[in-house]
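Alright, two takes on the same chain below, each alone as structure tokens: structure 1 and structure 2.
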Structure 1
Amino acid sequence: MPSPSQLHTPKRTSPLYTPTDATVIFVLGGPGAGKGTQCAKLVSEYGFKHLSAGDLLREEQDRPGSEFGEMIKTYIKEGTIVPMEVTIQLLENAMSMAIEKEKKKMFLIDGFPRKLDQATTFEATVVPSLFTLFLHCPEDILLQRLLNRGKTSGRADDNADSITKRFRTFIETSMPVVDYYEKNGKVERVQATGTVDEVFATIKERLKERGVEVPKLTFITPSS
């Protein structure tokens, strides 16, 4: 992770990658909507690289010597949005690694962009997105799921107090991102209240409509 001074180097005037280098689908939804759960299923069927902004922030928070650790911890506990420079740099680093080392081209970026400035800056300096998958779920169900997850997740924000704050941030700060993309016809809204498999079946249909198909297996037959 670069130092804060490096994070503030002059912005690129064009994106680092083209949509041909990297196809990016943003996955949004309230806390507990099932973003991580559905991304895991998409990874195993489609071979996407899954990058969760929250996971990357938690990793950076716990990295010995990180100069952002304490700051990230406070934002996560309070359910507020970490300054975009940090999150975008973490995502860019992880994408570059996956492109170079794993030869990945298809990305699910989960829990990002959570704020309009993250959306516009990421698309202008890293890569434009293909579309946003939005998992829609009412708050009472989100609350049940998060409290249940909190029994085993060990997360500092899966408690009633942080959850209330995260819901507020979601409505006030993150929903405007969904509205912005929706106005541009770039959102696939999926009802996320069904079972995991039901939600996944709907997601697969929507991906197909957007031209994203399960890759065909190629069998290599030994030459005689």
Structure 2
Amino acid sequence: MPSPSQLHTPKRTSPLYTPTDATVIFVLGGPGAGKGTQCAKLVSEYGFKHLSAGDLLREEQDRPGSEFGEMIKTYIKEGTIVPMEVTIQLLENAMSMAIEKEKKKMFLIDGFPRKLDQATTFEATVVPSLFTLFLHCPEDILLQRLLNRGKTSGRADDNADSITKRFRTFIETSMPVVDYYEKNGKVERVQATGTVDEVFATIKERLKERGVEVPKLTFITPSS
């Protein structure tokens, strides 16, 4: 299996972007916390570019001519974590394309960082994050949500055993990321047990406190 030292990723001693160039908010929460749903609402209202680490990896492994495709397939087949160098490179590529072609400056990164070293490496080489949005929800509620979703989702991991394992993995690997940023005043912990709209209203309040406002619409008056 390829080692991280074999990856042809750029090495740099300072971040590629400044927070002025790109505003990044990490979105973390246990399985079933509603990350995708809330990200979709944020994209619609604020114009964020939503980047899912998992989606980027799946797209890359199937992209013809991909430098990382076979490597990703190998790691996934072996049931091991794809090296963070690959995930960070894919996130950087997606951000650069959105900045250049779509003129985007605000990003939601969902499903990353999953471990503390991923967080610190991303911030040291790509861009420091503004803060982490942590959707907090008790395990029993997450379990019930996912079991209900499993009735129609067709996902093999939406069963009690898999959900419990996924939750334990989140607690063991991702909660240290939340704790680290919380100590540095860079976490907005939102209770995700209410309705979708109630949770979104709270998120909007937290964004406003952090200086992130809903963009004002510009109306062009037709000339006479």
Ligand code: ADP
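Bear in mind that the values here come from a model prediction, so they are computed numbers and not experimental data. Numbering runs along the sequence of structure 1, starting at 1. If you superpose the two forms and keep the largest set of C-alpha atoms that fall within 1.5 Å, you have the rigid core.
Query raised in the report: Form predicted alone, is that 1 or 2?
Result: Structure 2, which is the form predicted alone, differs in this respect from structure 1.
Query raised in the report: Does E60 count as moved between structure 1 and structure 2, where moved means a C-alpha shift of 2 angstroms or more after fitting the rigid core?
Result: Indeed, E60 is displaced by 2 Å or more.
Query raised in the report: Rigid core fitted, then: does G69 show a CA shift of 2 angstroms or greater between structure 1 and structure 2?
Result: Yes, its C-alpha moves 2 Å or more.
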